[in-house]
Ligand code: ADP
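Coming up is one lone chain in structure tokens, specifically the form predicted alone.
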Amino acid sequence: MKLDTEIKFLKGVGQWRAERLKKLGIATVGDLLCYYPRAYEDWSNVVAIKDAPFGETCCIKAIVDRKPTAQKIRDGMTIFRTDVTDGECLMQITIFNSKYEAEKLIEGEELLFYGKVTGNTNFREMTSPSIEKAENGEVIRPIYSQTQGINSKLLVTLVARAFEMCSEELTDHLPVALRKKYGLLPYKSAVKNIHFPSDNQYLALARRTLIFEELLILQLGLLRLRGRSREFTNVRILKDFSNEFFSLLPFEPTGAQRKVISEIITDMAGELPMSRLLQGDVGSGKTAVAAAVIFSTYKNGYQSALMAPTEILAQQHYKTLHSILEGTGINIELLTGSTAAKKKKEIKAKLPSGEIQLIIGTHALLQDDVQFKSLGLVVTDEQHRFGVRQRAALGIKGNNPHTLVMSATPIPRTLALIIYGDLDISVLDEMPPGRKPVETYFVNSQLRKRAYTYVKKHINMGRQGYIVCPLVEKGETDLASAQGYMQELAQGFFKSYSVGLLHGRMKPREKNQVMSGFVGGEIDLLVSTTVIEVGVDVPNAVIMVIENAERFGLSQLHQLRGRIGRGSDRSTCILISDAQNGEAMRRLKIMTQTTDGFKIADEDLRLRGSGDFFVSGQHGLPVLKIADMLKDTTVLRRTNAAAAEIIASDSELRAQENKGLNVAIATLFKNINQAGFN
């Protein structure tokens, strides 16, 4: 059986189970073998009853002393009890309401019991343990994440069957010399021991091997992508006009802005096209940096294009850059899906003639009939909304133009090096003077009315506000629903005000209509889901209430909070939550203590792991199966060095010993239309 065989053809699966396995991301037999356990039960470390630590999970081998007795304590509830002995001590086994488990307790049978021991010096008890026959039972057992109709025990059976039928397909991807250098297992052995480890030592080695391989393959893929995009360019910025641009500004640029602009212009003077990420917190001045670079690009005789993910954001950039660059001679136009047909035709005629020096737009810029005379710079805003492929699609409209991508989503540098592995990174880590931090408070739902009264007070002063909810529709939970909540507020507490609604299921035209109404001041209060997380500047919006705040990650809360405090007025964010668990309380407290997005991102990574930052839907990169950016930093550094060494000696991985690496890269990136790795 081949690794790419559809999972339904594996014995014991069939169509019904195949549909449910797909919910776990398992579509092929190979996917099943790469569906690694989430935890393990160590049945191999058997302890004596007298040595069993109280309150800790352990495995005990003992003989059933007698047939269990059954006692009904109420309708529908029966307790089964018996004693077991390891020849030295007795221990009571208690089973609640499971005749099936009780029937395993046959008098005189030697069994393994896995669970927590309670009691005292004279009495030991294990309640509702897992029970297995002693023969061949002393092993480390894998525990898998499951879904309805697919439990962990079934997955154990299916994985064992898949390994038996496909083991010869599990060939090594890494060169032998590399495995020896870093002390790694052969791939087949690593897969076997990650699912069914011989012992804890082999389990640790299997994990290290698979983590190393996954991170190495990812970084090799990104390095190749980066190398392929770095062909020579004819776009050379021979003179830096930054000082002339600064003299046009009504404010003094920060030191961070000057440093980043210098980095970018230096890149653009080279023979290779710049490919740089500009990362800065909300309000750090990224647009001014982009304007400076666009100005120097124009003065050197080239055109620029700026692409934003939404029409509203594109319109905002158009207004901002038009204001900053007014009087410089730069002709700026806006091209979006809603641009009138006549205007579109006019713009598409003026771009190839060079009459337009800066075009700002949405995905409309990617259309085949949008052509340029001399495209020198491509800027994409909110990079995580675009895949690498989309960025490249705009880039091919010029002769290897320079690329600047901007993100207001602070990401820890270690993680950014992986997520944006095809880019150099510049960071704006200084806020412009005079910008007031958003005051943030955390309250429970008992103070909701007081919070709403505070919102009303601001609206009465001519300001605007947001109320953010995590769900669109009422589900099985009691979480606030944006739709229902909006109606409740509009007909109740905020009856005398204009209340708008914004959520992800609305059509783009509807979203634009609502946001335009909010920007124009027609809507006093906007009830919204996280679609406003990355949005337009509304300086008049100074108050935000976030319902069920514990449902959001720290970085997401920070992005939401960034929608207010865009003007010179004092702004306030109120987090409402009745959460009692420690982690949620810690996260919400952090939000009240700092407005530094990079500190928040570090805390978010520490508390929640890398999953929130590293998902294919957000960054266009493959989801990692076993590696964790936070926990595996040591391996990450080793694979970083190994990948650079491999690419330096064989950039296209054409050497015989690197053939397997090519296959592995193609597999990892199989769902990512980025590069055509083969």
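In this text, all values refer to a predicted model and were calculated from it rather than measured experimentally. Residue numbers run from 1 along the displayed sequence. Take the two forms, find the largest set of C-alpha atoms that superpose within 1.5 Å, and that set is the rigid core.
There is another form of the same protein, the form predicted in complex with adenosine-5'-diphosphate (ADP); it is not shown, and what comes next is about it.
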Select from the listed residues 209, 284, 409, 296 the one whose heavy atoms reach within 4.5 Å of adenosine-5'-diphosphate (ADP) in the predicted bound form. 284
As a check of understanding, the residue in 403, 193, 315, 254 with any heavy atom within 4.5 Å of adenosine-5'-diphosphate (ADP) in the predicted bound form should be identified as 254
Are any of the heavy atoms in residue 566 no more than 4.5 Å from a heavy atom of adenosine-5'-diphosphate (ADP) in the predicted bound form? yes
Residue 537: heavy atom within 4.5 Å of adenosine-5'-diphosphate (ADP) in the predicted bound form? yes
In the predicted bound form, does residue 119 have a heavy atom within 4.5 Å of adenosine-5'-diphosphate (ADP)? no
Whether residue 435 contacts adenosine-5'-diphosphate (ADP) in the predicted bound form should be assessed with a 4.5 Å heavy atom distance threshold; does it? yes
Heavy atom contact within 4.5 Å of adenosine-5'-diphosphate (ADP) in the predicted bound form, the stretch among 181 to 189, 546 to 554, 425 to 433, 85 to 93: 425 to 433
On a core-based superposition, does residue 567 travel 2 Å or more at its Cα between the shown form and the other one? yes
Determine whether the C-alpha of residue 313 shifts by 2 Å or more between the shown form and the other one once the rigid core is superposed. no
With the core lined up, does the C-alpha of residue 206 move 2 Å or more between the shown form and the other one? no
